[in-house]
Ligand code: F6P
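Presented as structure tokens, the chain that follows is alone, the form predicted alone.
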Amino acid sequence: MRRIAALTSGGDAPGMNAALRAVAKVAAANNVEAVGIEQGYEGLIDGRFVDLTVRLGPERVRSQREVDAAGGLGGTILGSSRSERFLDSKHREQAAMGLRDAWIDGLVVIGGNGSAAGAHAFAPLFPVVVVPASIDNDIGCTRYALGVDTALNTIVEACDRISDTARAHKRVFIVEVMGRQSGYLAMSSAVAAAADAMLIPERHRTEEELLDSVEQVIRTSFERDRAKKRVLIIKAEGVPYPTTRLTRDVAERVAGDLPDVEVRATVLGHLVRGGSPTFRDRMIAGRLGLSAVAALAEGASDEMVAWEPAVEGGTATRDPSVHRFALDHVLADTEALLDGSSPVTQRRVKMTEAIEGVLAL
């Protein structure tokens, strides 16, 4: 390989910059130049290239100092986008031609489900390997995606702060967290933040069932012998019951006999996406970035590097925690993860049901 390129696509996630740094440094260590592509697949179509490395001599390449420094930053220094144009084969052909004209031999795509689907469509035209990055942790074949650990730490810190003020005023807080169709962030943060309940889309409960459940948690929590000062309920954004309406509906139900209890809503929203990546996200980013460059060097394409795979199979790498999976397998496993047919999703739902009574104690 002479040159490789990297882009970040879809929703930003802490750890993307750390992955870019790893790609640049690993490439430089192997006397390979690295190029960044601005604004995801849109920039790939338009040929918006920036250097991630600088060549100092025939056998010497180093990463750009700005790239080294960016590894600890959230977001993505290359920018990101969702590209409608990339769905059109003529634009994918234009992108492949632009890469070849720039003497680029392989592409690393850092992103989530949509990015993986775009890479799979692009693979017949150009060598491409995906690094999973999505705070939602809704990507098949990998136990963790970049950004998940940072997002969870952000949610737990926010819930700790909310709990402080909730205890001071004997309040109920329903906190909505991101996650799209996946309840992973809600489930994991509920345990860590000692929430009284979690609401996740994988359980497919009706609005009436959800309302009854939340009301029961509040009434049980504020029984005379409990002496409880706050109730914290974490709700995934994928639950199809708007948080503000749920809050209003449950407040109306308990107002008559719990007049001193206030019910409030907090939507954390994009706050969850921001912030410097944690140690874990930086470490995973470095190891996945190294494995992605190695995969391209070995001639691999149409694959994703996965961290501690949650499914059997894949191709082993020199890193025991990283396996490579064909993108068609990743996309199929992702679909199963989201429609509930995946054993991983089924285990999560069973775990949620098992700990539901424990959370409310």
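What you see is a predicted model, and the numbers here were worked out from it, not measured in a lab. Each residue number is its position in the shown sequence, starting from 1.
Only in words, not in the display: the form predicted together with 6-O-phosphono-beta-D-fructofuranose, which the text now covers.
6-O-phosphono-beta-D-fructofuranose is not shown here, and in the model of the complex it never comes within 4.5 Å of any heavy atom of residue 183. A residue is said to contact a partner when one of its heavy atoms sits within 4.5 Å of a partner heavy atom; residue 237 meets this definition for 6-O-phosphono-beta-D-fructofuranose in the model of the complex.
In the model of the complex, 6-O-phosphono-beta-D-fructofuranose sits within 4.5 Å of a heavy atom of residue 136. Remark: residue 270 counts among the residues lining 6-O-phosphono-beta-D-fructofuranose in the model of the complex, judged by a heavy atom distance of 4.5 Å or less. Note on the interface: of 239-247, 159-167, 84-92, 128-136, the segment with non-hydrogen atoms within 4.5 angstroms of 6-O-phosphono-beta-D-fructofuranose in the model of the complex is 128-136.
In summary, among the residues 289, 118, 179, 277, the only one with a non-hydrogen atom within 4.5 Å of 6-O-phosphono-beta-D-fructofuranose in the model of the complex is 179.
Looking at 1-34, the one residue that comes within 4.5 Å of 6-O-phosphono-beta-D-fructofuranose in the model of the complex, counting any heavy atom, is 11.
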